[in-house]
Ligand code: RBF
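Given as structure tokens, the chain that follows is alone and in the form predicted on its own.
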Amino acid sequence: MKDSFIKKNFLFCVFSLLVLCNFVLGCSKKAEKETAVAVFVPGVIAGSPTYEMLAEGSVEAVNEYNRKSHKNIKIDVIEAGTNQAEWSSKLTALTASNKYSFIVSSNSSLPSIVAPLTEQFTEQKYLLLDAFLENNKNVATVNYNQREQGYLTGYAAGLVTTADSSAFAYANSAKKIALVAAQEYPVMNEVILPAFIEGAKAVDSAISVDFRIVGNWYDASKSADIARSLYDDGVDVILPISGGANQGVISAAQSLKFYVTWFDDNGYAKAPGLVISSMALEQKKLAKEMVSAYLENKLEFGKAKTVGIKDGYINFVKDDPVFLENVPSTFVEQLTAVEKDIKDGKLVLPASN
């Protein structure tokens, strides 16, 4: 009787242990499955430097974490395409798939799409760069001070359009510059364009600034037509912010000979001698840092940060050999001085969120 009791208890303990092991292993597998990262690109990577840097930085972060921790965290990069009307449904479907614990993206329009999703999918975590959203426990955002970026770009354009032809051979006497955007959106209308104008007029209040819309982020043929029209109207410096359509402005500049200022990355090699400034975002660095912080359980959700020149996430690219070979040293010095004033706090350009 006693032996039977011991045997039954032994079998019960073995059974309980097996159940516990299966539960632990099951939880472990479930946790491993849930620890996955998706990079949601609201557009296409080709021709879009910010999205290219977003993907590169995120992938690097996961790969480095896997090497250090001997884990196998999965990361997928998903392009949503250029039809903005589809972004919401595609991000909803991605979230609803429940395949990724962490979704990373970058676009100022995304907070309005993500906020309602966090109410429906309460466990999903998001990181949004180039965006601003406060007090949402499921979302971390980092916004760039694009007023600083736009101001410096406008200042560069202002210096060139007012320059003598001995310094910039294709500058004319009209004092006209332009911004060609893919579309109108709050950050463009309320931050980038006003800052671009502000920077240009800091050089000379007589400078006029034209603003044109392509209508999408890919039509290089249309942006080239717009650039030709602006050139015919006396514009000698154009800032394109239109994704893949930027190539149309570059092509027009090469054939007609006018100048281009560049946004978001180093663009000097795109048209040597014609691209006269690049105000780069350190998007790859930021994406890598933030994704790494998530993987190490150090990322703070519910807080919105803004970074700029002083923080080292926006910079005037001034050490490129192609750039230095094609612009006067005085131009570099003048633009560097303005950047330094912003960095040192002598010129304060608060971000608008």
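Keep in mind that what you see is a predicted model, and the values were worked out from it rather than measured. One-based numbering along the sequence shown.
Beyond what is shown, the protein has a form predicted in complex with the ligand; the following relates to that form.
Peer 1: Can you work out which of 258, 100, 268, 263 has a heavy atom no more than 4.5 Å from the ligand in the model of the complex?
Peer 2: Of the candidates 258, 100, 268, 263, 263 is the one lying within 4.5 Å of the ligand in the model of the complex.
Peer 1: Could you check which residue among 208, 183, 251, 138 gets a heavy atom within 4.5 Å of the ligand in the model of the complex?
Peer 2: Exactly one residue meets the criterion: 183.
Peer 1: Is residue 105 near the ligand? Define near as a heavy atom within 4.5 Å, in the model of the complex.
Peer 2: The answer is no: residue 105 has no heavy atom within 4.5 Å of the ligand.
Peer 1: Should residue 109 be classed as touching the ligand in the model of the complex when contacts are defined as heavy atoms within 4.5 Å?
Peer 2: Because a heavy atom of residue 109 falls inside 4.5 Å of the ligand in the model of the complex, the answer is yes.
Peer 1: At the 4.5 Å heavy atom threshold, is residue 87 in contact with the ligand in the model of the complex?
Peer 2: Because a heavy atom of residue 87 falls inside 4.5 Å of the ligand in the model of the complex, the answer is yes.
Peer 1: Taking any heavy atom pair closer than or equal to 4.5 Å as contact, tell me whether residue 178 reaches the ligand in the model of the complex.
Peer 2: Because no heavy atom of residue 178 falls inside 4.5 Å of the ligand in the model of the complex, the answer is no.
Peer 1: Can you pick the stretch from 270-278, 237-245, 89-97, 167-175 whose heavy atoms fall within 4.5 Å of the ligand in the model of the complex?
Peer 2: After filtering at 4.5 Å, what remains is 237-245.
Peer 1: Look at the candidate spot formed by 42, 130 and 192 and say whether the ligand comes within 4.5 Å of a heavy atom in all three of them in the model of the complex.
Peer 2: Looking in the model of the complex, the three residues 42, 130 and 192 all sit within 4.5 Å of the ligand (heavy atoms).
Peer 1: Sequence order please: the residues of 138-171 with a heavy atom within 4.5 Å of the ligand in the model of the complex.
Peer 2: Heavy-atom contacts to the ligand in the model of the complex: 146, 149.
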